[in-house]
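Starting off, we have a lone chain in the form predicted alone, written out as structure tokens.
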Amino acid sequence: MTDFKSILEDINQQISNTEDKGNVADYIPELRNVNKNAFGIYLNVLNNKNFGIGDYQTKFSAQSITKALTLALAISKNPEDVWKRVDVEPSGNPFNFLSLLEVENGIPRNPFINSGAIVIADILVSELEHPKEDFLAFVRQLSNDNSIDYDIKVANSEKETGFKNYAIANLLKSFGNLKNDVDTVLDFYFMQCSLAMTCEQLTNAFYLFANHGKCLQNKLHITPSQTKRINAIMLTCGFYDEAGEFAFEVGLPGKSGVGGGIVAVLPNQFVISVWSPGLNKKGNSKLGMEALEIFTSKTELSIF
């Protein structure tokens, strides 16, 4: 039987000795002061045990990791609208790229680049009676944890500096792919990205992606077919223009965020989250990616 605890301890030791830890996302003012030396990892092995090492219970800004959760909620509410308005192809470009959106007539390449996630936010604003409260309740239910909350300072910081997102939303609006008011949609989008969660909470929230759409409480939120599709998009698009590298090195569906978090899943087997705030040049956690590469190499567990 795989000794997961020893493997995680080895990873923690190896990562702590790494000098180049990347750079924090200083373009969001509230994220500038995060401790670059922080590192946490949490593993949930389905029907077995959980293992946490390091700062796995420290809250950090989930950022784009939440895009997988808003996608799941939108698909549960209105799947037809989702796939009419958002494509499923890798972009090969940075997450906030605009020109591709114009070339492709306002249809975002996938739901994880900012333009796609803003369309998903627009769908939820239309479908939910109280979008911010309802999305938070959804994440709390998935994680079985009512302590999860938004970080209002981070949300306001993004609202004050998110000029490219305003440009993206207005471009979507010009093509008719944004049904609600730009400010209303972005108010929800910035709040969504500001969710503060720990590695343990993120792992628990993503449990449904490894369990055919059923959360920790065994409640079905999305169908097995929908779960398969989201996992496929996480594999091909979850890391923006570094998705191929993550698939090549790690071999798991996953989602990253500029807060330094990464969540990855192996269906039917485990969910793992890692947090290291220093980012590489592509905007993904530098040591988080290295940690997960070590993990799948040592365990020989991946989808390939």
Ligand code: GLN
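One-based numbering along the sequence shown. This structure is a prediction, so every number in the text was calculated from the model and none was measured.
Omitted from view is the form predicted together with the ligand, to which the following refers.
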Practice prompt. Scan M197, L208, L178, C193 and let me know which has any heavy atom within 4.5 Å of the ligand in the predicted bound form.
Written response: C193
Item to complete: Check each of F246, Y42, F39, Y240 and return the one that places a heavy atom within 4.5 angstroms of the ligand in the predicted bound form.
Response: Y240
Worksheet item: When the ligand is placed as it is in the predicted bound form, which of 56 to 64, 266 to 274, 246 to 254, 42 to 50 ends up with heavy atoms within 4.5 Å of it?
Response: 56 to 64
Worksheet item: At the 4.5 Å heavy atom threshold, is D151 in contact with the ligand in the predicted bound form?
Response: no
Worksheet item: Hey, in the predicted bound form, is E158 touching the ligand, heavy atoms inside 4.5 Å?
Response: yes
Discussion item. Taking the ligand as it sits in the predicted bound form, is T227 near enough to touch it, meaning that at least one heavy atom pair lies within 4.5 angstroms?
Written reply: no
Discussion item. Since only the chain is shown here, I'm wondering whether N165 would be in contact with the ligand in the predicted bound form (any heavy atom pair within 4.5 Å).
Written reply: yes
Worksheet, complete the sentence: Contacts from 108 to 146 to the ligand in the predicted bound form (any heavy atom within 4.5 Å), listed N to C, are N114
